[in-house]
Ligand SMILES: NC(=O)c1ccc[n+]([C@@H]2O[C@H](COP(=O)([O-])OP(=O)(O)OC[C@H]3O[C@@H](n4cnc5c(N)ncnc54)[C@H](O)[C@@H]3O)[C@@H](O)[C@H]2O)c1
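Just the one chain here, laid out as structure tokens, in the form predicted alone.
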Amino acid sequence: MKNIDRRQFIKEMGMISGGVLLATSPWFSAFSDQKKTVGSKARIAIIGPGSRGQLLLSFLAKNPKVEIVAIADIYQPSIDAALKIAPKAKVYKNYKSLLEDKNIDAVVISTPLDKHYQMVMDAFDAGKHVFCEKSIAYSLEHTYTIYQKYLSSKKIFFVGQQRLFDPRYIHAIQMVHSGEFGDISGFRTFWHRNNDWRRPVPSANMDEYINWRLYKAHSKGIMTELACHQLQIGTWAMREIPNKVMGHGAITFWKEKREVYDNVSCIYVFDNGVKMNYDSVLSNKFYGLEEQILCHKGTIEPEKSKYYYEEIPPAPAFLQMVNDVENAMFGAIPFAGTSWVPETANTNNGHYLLDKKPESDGTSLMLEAFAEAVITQKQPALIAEEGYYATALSLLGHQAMEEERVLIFPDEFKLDYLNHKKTSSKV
């Protein structure tokens, strides 16, 4: 599969002219005025240019419609690395001083999870447009408060859910919504790694600062760092949220200086009984990551950019003959059921979702859309809501594991996108 340029993708998929995929991905409306914004600049600053922040910064630096005005961090190595990408950026050690800079239109927040809430709230209060890395906040209450603040601020709000802008996922969800694969039967989502998530530190007293993902005071581990990406696929495909969650988490392998789980499993249940399973093991990477959308007529694996129909061509003649012989041999032996047909996975090579491979996982397009929205000051539909629910479901899953009980999605934290009342579970 050859690479597909992101601008080529927008053009070919008909986004600019209001193509059919806008029904699946309404946030692409951010590109509707792309020609009109030529020559304009979004003046953007980044708070927290660590490893993820530097990646975001590298994409922003390539965008001719973006001027990177400032950076803020208290860790000098991160500042030094960021300045190599954006050498003209003004440096702040205090993010609140950065927010006072009238030369900044928008901020990108890429800091530890426990810092998101206050920084996002302060940014809106300062009149800035906001891009916040996932998850939005450390608690469900803070997540909801941020969403309400976004509504009252009238500012642009993006959340770092890059799958929303990944061509593979967009095409997969469009096919699901078109009815190509029939009704959705379930979801199997997983993200397996084989590392302890630990990074080297210059001194022992810096461990909690550098390895914040491993400490409960700063993170909720797998659920808020990984699961938030994958759970969002279920709400996107179903156009609603699951109302029930249960799960179990444990520290089974990586036990040194670790407070968050390295092994989790959750089950999310939609009102019609469809279940979304989420699993993550950090001590085995064989199966990697994937979201498998299981439908009555087919299966989609967007990360692999593949889909598979349930009905496949008959087996080659020789293999069919072997199967006939085996069936004849066992035909006289009584088995439960009407026939002896082992329910094993079929050999099915499937089909590619795209003829060409995207150049990134959607991060570059997501940041381009944010810049466009900042310039036009038009919030794309549903992108804030998708980010909200991705965080909320991650937090509920973590809570269900911590409390070892089944949780129901609280009505007071559900959103209605049309009138902003707390009465709907529809996405």
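What you are looking at is a predicted structure, and each value in this text was computed from that prediction instead of being measured. Each residue number is its position in the shown sequence, starting from 1.
Another form exists, predicted in complex with this ligand; not displayed. Remarks below refer to it.
When this ligand is considered in the model of the complex, R239 lies well away from it, no heavy atom lying within 4.5 Å. Interface residue remark: G350 is not counted as part of the site for this ligand in the model of the complex, having no heavy atom within 4.5 Å. This ligand in the model of the complex is approached by M119, whose closest heavy atom lies within 4.5 angstroms of it.
Within 4.5 Å of some heavy atom of this ligand in the model of the complex lies at least one heavy atom of S51. Residues within 4.5 angstroms of this ligand in the model of the complex, judged by any non-hydrogen atom, belong to 43 to 51 and to none of the other stretches in 43 to 51, 61 to 69, 30 to 38, 386 to 394. Relative to this ligand in the model of the complex, residues Y75, K115 and K134 are all within 4.5 Å by at least one heavy atom.
Proximity to this ligand in the model of the complex, defined as a heavy atom within 4.5 Å, singles out one entry of G298, G160, G249, P302, which is G160. R199 is the sole member of R199, K154, K357, K216 with a non-hydrogen atom within 4.5 Å of this ligand in the model of the complex. Contact annotation for 212 to 236: residues with any non-hydrogen atom within 4.5 angstroms of this ligand in the model of the complex are W212, R213, E225, H229, listed in sequence order.
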